[in-house]
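To begin, one chain is listed below as structure tokens, in the form predicted on its own.
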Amino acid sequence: MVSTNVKILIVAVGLLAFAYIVPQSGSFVVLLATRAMAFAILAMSVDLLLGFTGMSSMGQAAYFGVGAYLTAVLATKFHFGMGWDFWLVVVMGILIGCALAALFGLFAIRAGGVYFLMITLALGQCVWGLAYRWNSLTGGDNGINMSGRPNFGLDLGNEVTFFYLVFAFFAVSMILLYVLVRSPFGRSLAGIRERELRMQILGYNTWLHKYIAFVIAGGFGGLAGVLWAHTNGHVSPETVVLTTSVDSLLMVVLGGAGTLVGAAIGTAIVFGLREFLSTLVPWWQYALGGVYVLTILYLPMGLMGIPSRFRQRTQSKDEGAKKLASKPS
């Protein structure tokens, strides 16, 4: 078994290598990596719910969307958030994500299983409907085009500079979420995921624990939306559409639920495959769907579960060999 310290060291080295290699790989790769990191924050927030709390949310795109729309509306209609006030918009994006999740959580957390899934889906669709119909604020199906990026001493119009800013947010988000899931609160969430009734018998307020995790995930979703708005330069109902929630969920499953790093890896793979396959074949969506299906069938623990599956097979082979050797000839 690899110790926790070694795993942390591997992840840290991987992040540093990523931060060094990507800026030297061309503007397209830099832009793609920046978008992937912004979306990876959303995927890690989904992992907090799915992998560590056992709640499959289909409404995470709502927090992502309100953060993005908040940024776009303030920048285009009020010229706010394009200087040093960018940091205030980041805080506002996190808070509005938390506030919306706090409201949604009052309805969703009381349900469980498929009912929780359907309620979050319905609530997310309500936000999509507002984005699509509220033309005076959101621009309707045309969306909002942003003219540029903030300038507060750093030239964020430069793709590499902006890449490093998003990388910093991504790395800090991963560290904060890791500290959270390793804390006593995070251990309680894992206990709720495994056996909620047992945690209730032990005296834990499982509803409150799940509600707090739901709100925290909403805050990180709002942060991802703020960064996505500046990365993409355009915000539309497509940002809030159901596909965004489904994609983030599948990215977590592909990488490995309950690992955080798996969510980031899954996001990178999906973004890379989309760009690569879309240049080769017009039916690239089917190929990507096939990857998802094969992962669920043959790698239920995701890519991060491959080492453990390999160890299990090796141990079973060793045990089988020992049993054969112990049989009398």
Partner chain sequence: MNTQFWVVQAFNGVSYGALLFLIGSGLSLIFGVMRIVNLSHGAYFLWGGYIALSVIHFTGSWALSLPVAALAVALIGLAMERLFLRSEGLAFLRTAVIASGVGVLIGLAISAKWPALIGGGWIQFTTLTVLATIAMYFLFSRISIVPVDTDVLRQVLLTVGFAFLFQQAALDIWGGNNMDINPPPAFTQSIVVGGVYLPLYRVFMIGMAVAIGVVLWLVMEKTRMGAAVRATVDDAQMARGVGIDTNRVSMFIFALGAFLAALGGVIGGAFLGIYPGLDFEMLPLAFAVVIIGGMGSLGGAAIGALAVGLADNFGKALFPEISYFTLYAPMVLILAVKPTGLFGRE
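Numbering follows the first chain given and starts at 1. The model shown is predicted, which means the values in this text are computed figures rather than measured ones.
A second form of this protein, the form predicted together with its partner chain, is not displayed here; the remarks below concern that form.
Novice: Heavy atoms within 4.5 Å of its partner chain in the model of the complex: which of the stretches 240-248, 70-78, 216-224, 150-158 has them?
Specialist: Comparing against its partner chain in the model of the complex, the contact stretch is 240-248.
Novice: Quick check on residue 271: any heavy atom within 4.5 Å of its partner chain in the model of the complex?
Specialist: Residue-level check for residue 271: no, no contact with its partner chain.
Novice: Can you tell me whether residue 208 touches its partner chain? I mean in the model of the complex, with a 4.5 angstroms heavy atom cut-off.
Specialist: It does not: once its partner chain is placed as it appears in the model of the complex, residue 208 has no heavy atom within 4.5 Å of it.
Novice: Does the 4.5 Å heavy atom contact test between residue 119 and its partner chain in the model of the complex come out positive?
Specialist: Close contact exists here: in the model of the complex, residue 119 approaches its partner chain to within 4.5 Å, heavy atoms only.
Novice: Classify residue 115 as contacting or not contacting its partner chain in the model of the complex by the rule of any non-hydrogen atom within 4.5 angstroms, answering yes or no.
Specialist: Residue 115: contacts its partner chain in the model of the complex.
Novice: Exactly one of 170, 128, 162, 86 has a non-hydrogen atom within 4.5 Å of its partner chain in the model of the complex; which residue is it?
Specialist: Flagged contact: 128.
Novice: If you check in the model of the complex, do 10, 26 and 142 all have a non-hydrogen atom within 4.5 Å of its partner chain?
Specialist: Contact check failed for every one of 10, 26 and 142.
Novice: Within 123-155, which residues come within 4.5 Å of its partner chain in the model of the complex, counting heavy atoms only?
Specialist: Going through 123-155 in order - heavy atoms within 4.5 Å of its partner chain in the model of the complex - the hits are 123, 125, 126, 128, 129, 130, 132, 133, 134, 135, 136.
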